[in-house]
Structure formats: structure tokens, C-alpha cells
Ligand SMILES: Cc1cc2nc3c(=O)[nH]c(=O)nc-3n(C[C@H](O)[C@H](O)[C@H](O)COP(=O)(O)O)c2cc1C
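One chain follows as C-alpha cells, the form predicted alone.
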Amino acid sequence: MRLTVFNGSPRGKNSNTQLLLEHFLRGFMTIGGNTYELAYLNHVRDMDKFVNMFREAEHVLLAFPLYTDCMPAIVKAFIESLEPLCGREDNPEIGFMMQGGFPEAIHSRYVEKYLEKFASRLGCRYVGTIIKGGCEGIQTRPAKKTRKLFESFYQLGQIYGETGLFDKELVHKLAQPERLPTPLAIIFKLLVKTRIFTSYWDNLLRENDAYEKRFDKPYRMK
């Protein structure tokens, strides 16, 4: 199988998306004859190249993080750039991988529906969408805390490399929990109001010179 992979994370090679892809692709490559090409959508000046890669692909995997209940702007731009290929007979099969910081899969379900519709409008066979929450910080967790997660993505890649399909049982298992149990949801709401919960995100904002703009509403109607 010849697979074309697009990493849609703004963090590119340093992203959680990349980390999960690495394990998926390692499993994928255990099947003889499989090859893949990996592109990073944060190289925004290469958009024409990305469209050509999609045009010539046989199988496509588009992976990205959940951003504000949707997707990064670079992924939206890539999707829109594929409009000239809508309905083309030779469009590739396409699957998606979506990871996010929220633990519950429910946050990603509307995007999942959008991706399925996108594949249909483009005229691509839809393979499915892998959803995994609770991924923020996985690069700093001890190996014993991520072993099962990485093994699952390795196994997903291996099965996909052999069958061209996402294993439904594994996809379902990775997406859990769909919603937090009520006691945990209450605790989560309480933590949101504390500085303990927000300190991680505040530090990220400071590192990117965005802390002072954290309450900006650029699209608010005047």
C-alpha cells in the first residue's frame, strides 16, 4: 500500500499528532510492500505541493489536533484547496486521525461528521476517523503511562497496513470515555476555576506572547 500522510498540527514535527503518527506508521510499515510519504501542513508555502500529493495519492491519512471544537486553520486551508478535485474519479481513499486535550470523545464528534461529509463531497471512499482525547502533555509523561496508548496506535497502523481499514474495536476503545462520569465532570468544573488547572495553558500563552490577548474576541459583532 502507498500511503500519503498529512500532519495538520501547527507544531509540526514537535506535535502530539506527530508522536501518535510515528507509532501508527511504525505498525503500518511492518507489512511488506507498504510505503508512505509524510507532509507537514504548517509549511504553508507548499500548499500547491500538498494538493499535487493528494492528487497523485492512492490512500490518504489526514491527522490533526482538535482546535476550539474544530481544526487548525492550516487544515481548513488545505481542505479548501482541494475543491478543484471534487468529484474526480481517481481521488484516493481517505481516513482521519484527530487528537485533543479534552478527555471526552464527544468534543470531536461534530468534526467527525464534517470529515465524513467532506470525504463524500470530494468523492473519496471514507475509511473512518480515529479520535483520541486527553493527549495534551503525552510527550512529558513517563513511558509506563503511555505504553498502552502507543501500542494501540501501533496495532491500528499494522491492521490498516494489512487491510486498508481502521479496526472498529480499537477505534472505539481509543475514543473512550465518550463523556466523563458525573462525579468526574463536577470535579473537572471545579478545577477549571483554579489556577492549578489554568497554569499549564497560561504558560503556553506566555511562551507564545499571547497571554495578554487571552480574552480577545476578534470576531465579536459590534
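These numbers come from a predicted model, not from an experiment. So that there is no doubt, residue numbering starts at 1 and follows the sequence shown.
Although not depicted, the form predicted together with the ligand is the subject of the following passage.
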| property | result |
| --- | --- |
| Contact label in the model of the complex: residue 211 to the ligand, heavy atom within 4.5 Å | no |
| Non-hydrogen atom contact residue 67 with the ligand in the model of the complex at 4.5 angstroms | yes |
| Residue contact check: residue 95 to the ligand in the model of the complex, 4.5 Å heavy atom | no |
| In the model of the complex, residue 150 touching the ligand (heavy atom, 4.5 Å) | no |
| Segment assignment from 129 to 137, 142 to 150, 80 to 88, 114 to 122: heavy atom within 4.5 Å of the ligand in the model of the complex | 129 to 137 |
| Residues of stretch 81 to 120 in contact with the ligand in the model of the complex (4.5 Å, non-hydrogen atom) | 99, 100, 101, 102 |
